[in-house]
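Only one chain is included here, represented as structure tokens and corresponding to the form predicted on its own.
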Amino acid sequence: VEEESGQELGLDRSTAKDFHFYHMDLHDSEDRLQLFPEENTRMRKEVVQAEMANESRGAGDGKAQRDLQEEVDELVHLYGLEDDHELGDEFVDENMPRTGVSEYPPYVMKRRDPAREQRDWRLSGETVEAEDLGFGGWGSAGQCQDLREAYRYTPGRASEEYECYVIPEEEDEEEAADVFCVTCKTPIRAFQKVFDEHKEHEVIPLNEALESAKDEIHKNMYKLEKQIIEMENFANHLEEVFITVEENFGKQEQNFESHYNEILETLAQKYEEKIQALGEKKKEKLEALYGQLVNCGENLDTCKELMETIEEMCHEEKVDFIKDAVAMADRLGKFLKAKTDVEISAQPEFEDQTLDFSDVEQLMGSINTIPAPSAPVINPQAPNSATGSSVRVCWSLYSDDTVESYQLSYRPVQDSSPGKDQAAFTVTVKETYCSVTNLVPNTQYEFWVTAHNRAGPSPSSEHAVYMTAPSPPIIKTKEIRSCEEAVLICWESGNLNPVDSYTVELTQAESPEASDVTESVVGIPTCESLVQLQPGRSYIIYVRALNTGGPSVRSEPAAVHTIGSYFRLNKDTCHPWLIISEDGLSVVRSERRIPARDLSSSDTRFTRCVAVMGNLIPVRGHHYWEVEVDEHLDYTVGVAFEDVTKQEDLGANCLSWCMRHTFASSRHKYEFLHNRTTPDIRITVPPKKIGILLDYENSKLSFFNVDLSQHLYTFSCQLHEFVHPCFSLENPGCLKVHNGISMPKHVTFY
């Protein structure tokens, strides 16, 4: 447009090329136009046209035009209108006459000028006011500031050819908080603890606060889940009551409808009968009156005829009169002798009808007199419908009987047969279900139910046997054995009657209150279970018992650590001369002895060798434990099969591998015995703590001096079965076992 205008007017291109005009539909120009009055659009067009007309006039007006252009550029730059490059096409028509300057600033854009880019767009308040007043009195400094805010663009919206000067936004970039103020319960920066109001407050690391908040939320979520379950159960109960109300209403409505229909039918029948009888009486009365009316009319006609005949006779001659008078006298005598009935044969009144409503009254009374209900149908026990002390019994009605209440009776079952000699307990409810409480765990009960209304009770339902859930098992914490890969858990049932199965639940020890179960082993038929675990972890173990009634509550928890091998000494194998400590990790031989002749031989208890075995978990892999000994004590430590002969010394057969120490005359003798043989090995430093490594994978048994990290000896064993640690004391003293510990580094090489 500018080029064509320059050719027509003969202008120098250097003057015209500084102005380019663009449409208003770029960069939210519609919003910007709302800042100016609509009636001033024509004046803005005239401003642009007047400037272009002044540029085409001679050199005499060039200087004034350039001054005007500089002022326009400054205002355009001030208002951020550089990229509004489509205003010209909308407001400028090159064929229109160019007029003088308007009071509104022109909407123009200029090409990028490096010198112009260096200009400070932050004009002082005085400059803005001076330019505004000098340019037709356009607004005040405050209005200019409003325009600056209105024309503030976001970065990246300017075109590639023309630059939009963006008013920079001041961003407050604060440093991220790195600690948490416990007192204020808000994240803060570390330096605020030293210099700010948080100086005396307690602060913790942000990660610790985050974990604490997560734990708290997790606990609250667990409580919320429990509350949700309770509310869902309550909602289900309300729904059942709602359904029961609907069913009872339907039954009552149907009962009323049937009775009232029967009453209406009876009344309609009686009405028809009475109306029919009344109509017959009406017909009979009308027929009698009609016959009497006909007779009366005939008599009246006869009387009139006789009167006419007598009148005619009176006008006859005497002779004729006499002749006819005799006959007439006879006729009149006969007519008058006949008796005329002037009594009304039927009275217009009807007799009062006696209405018999006895049957209707009986029907009306039957509305309130409902029949006794039929026998309910008791449902079999549903899975998981019982606890250790309660059971939920359900029944139903297959008829439309009206029931006001139910009576549930029950009694315990003894020796697989109902206890008929025992008194039955009863519970009265209005719903078709009942939760019976205060029952004995893992016990069968016989239930039956009757329905009642004001007419009486129904026959009894069939008898059904329900069973309460078992009591929680009791974990034998002293018999728990573990290693790095597994744990062997033993428990007592805690129930007189047998249960169907057991379930073992494991939870990470770091979150014992968490509801999530790390692992669950179900369908365990016996009172022990070998569970595979991850090494280096701590677990909390629970056990549940299950039967047809459902699961028991959790047992008391037991802690398990998969760090090394953990076992206790087996009292069932202990020689009578030995005493095992309460924790099962120490064995003591006292001075007093029971005479050897009083010791009876046994397959499980040592009698010849004063020894005891440990209960090692039956898991193949690596097992390591340590034994604290007295260097002046005669002892034997090692491993043996469970069926090792208890009447022989350890190491005297092929079923045991042992290290034996004897002390005599200030000399230490060490033997590594298997089947009564030992290698020729000398140990110069008596160990005070012996480490024992059992390696099932490589069939080896190694002994170490723990204090010196010294390897003593290694057996190559034929471990076709599981072995157990064994300990023997030849004279009074004590051995202390250390287990459940990590394997030392020097042990891993063997």
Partner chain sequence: MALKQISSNKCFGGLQKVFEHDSVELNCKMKFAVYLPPKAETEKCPALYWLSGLTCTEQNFISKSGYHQAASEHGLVVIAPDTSPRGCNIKGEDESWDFGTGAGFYVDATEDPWKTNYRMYSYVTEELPQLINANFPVDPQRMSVFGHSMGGHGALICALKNPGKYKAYDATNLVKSYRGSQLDILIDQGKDDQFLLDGQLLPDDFIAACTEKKIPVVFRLQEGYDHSYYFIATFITDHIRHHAKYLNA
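Numbering follows the first chain given and starts at 1. Computed from a prediction, not measured in an experiment: that's the story for all the values here.
A second form of this protein, the form predicted in complex with the partner chain, is not displayed here; the remarks below concern that form.
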Is there a non-hydrogen atom of Q710 within 4.5 angstroms of a non-hydrogen atom of the partner chain in the predicted complex? yes
Might Q718 be said to contact the partner chain in the predicted complex, defining contact as any heavy atom within 4.5 Å? no
Are any of the heavy atoms in D680 no more than 4.5 Å from a heavy atom of the partner chain in the predicted complex? yes
Heavy atom within 4.5 Å of the partner chain in the predicted complex: which residues of 711-749 meet that condition, in order? H711, L712, K745, H746, F749
